[in-house]
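Single chain ahead, by itself, as structure tokens, in the form predicted alone.
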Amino acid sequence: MNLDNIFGIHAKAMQLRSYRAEVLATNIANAETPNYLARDFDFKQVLQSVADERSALKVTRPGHIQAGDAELMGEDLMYRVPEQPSIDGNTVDLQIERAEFTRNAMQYQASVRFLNGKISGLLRAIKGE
């Protein structure tokens, strides 16, 4: 039984949401740091590339090489363009960062609930309920 067939892309989505929370928290923590450039990534684009990668290469025989997951770790991070530039060169807008952090946390929680529902359903099926 392949867990990717059961959980779909939601497990990877949770990893990406967790990483995005770290990026946004770093932006918030550096709101007063001169010349700090706020970073973020396009969640939909990165998740789509992960989904495309998973569907593109399939291992059909034991000798085939398994395709690795697309790792984000900074390569897809982009600089946020500030609404209003600051004198000290810092591009963090606390209102935007807090709003994005909150939105990301809510979407992470939605993924957690979805996976909990899937797991609960599997447990009920195993128990024969």
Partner chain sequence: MSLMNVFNISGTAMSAQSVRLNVTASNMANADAISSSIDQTYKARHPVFQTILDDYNFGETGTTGGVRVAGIVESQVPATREYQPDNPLADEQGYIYRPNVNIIEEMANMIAASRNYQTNVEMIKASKQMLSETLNIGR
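Please read all numbers here as calculations on a predicted model, not as lab measurements. Numbering follows the first chain given and starts at 1.
The same protein also has a form predicted in complex with the partner chain, omitted here; what follows describes it.
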Considering the partner chain in the model of the complex, which of I96, M78, A29, L47 comes within 4.5 Å of it through any heavy atom?
-> A29
State yes or no: in the model of the complex, is some non-hydrogen atom of I9 no more than 4.5 angstroms from a non-hydrogen atom of the partner chain?
-> no
Is the gap between V23 and the partner chain in the model of the complex 4.5 Å or less for some heavy atom pair?
-> yes
Taking the shortest heavy atom distance, is P85 within 4.5 Å of the partner chain in the model of the complex?
-> no
Closest heavy atom of A13 to the partner chain in the model of the complex, within 4.5 Å or not?
-> no
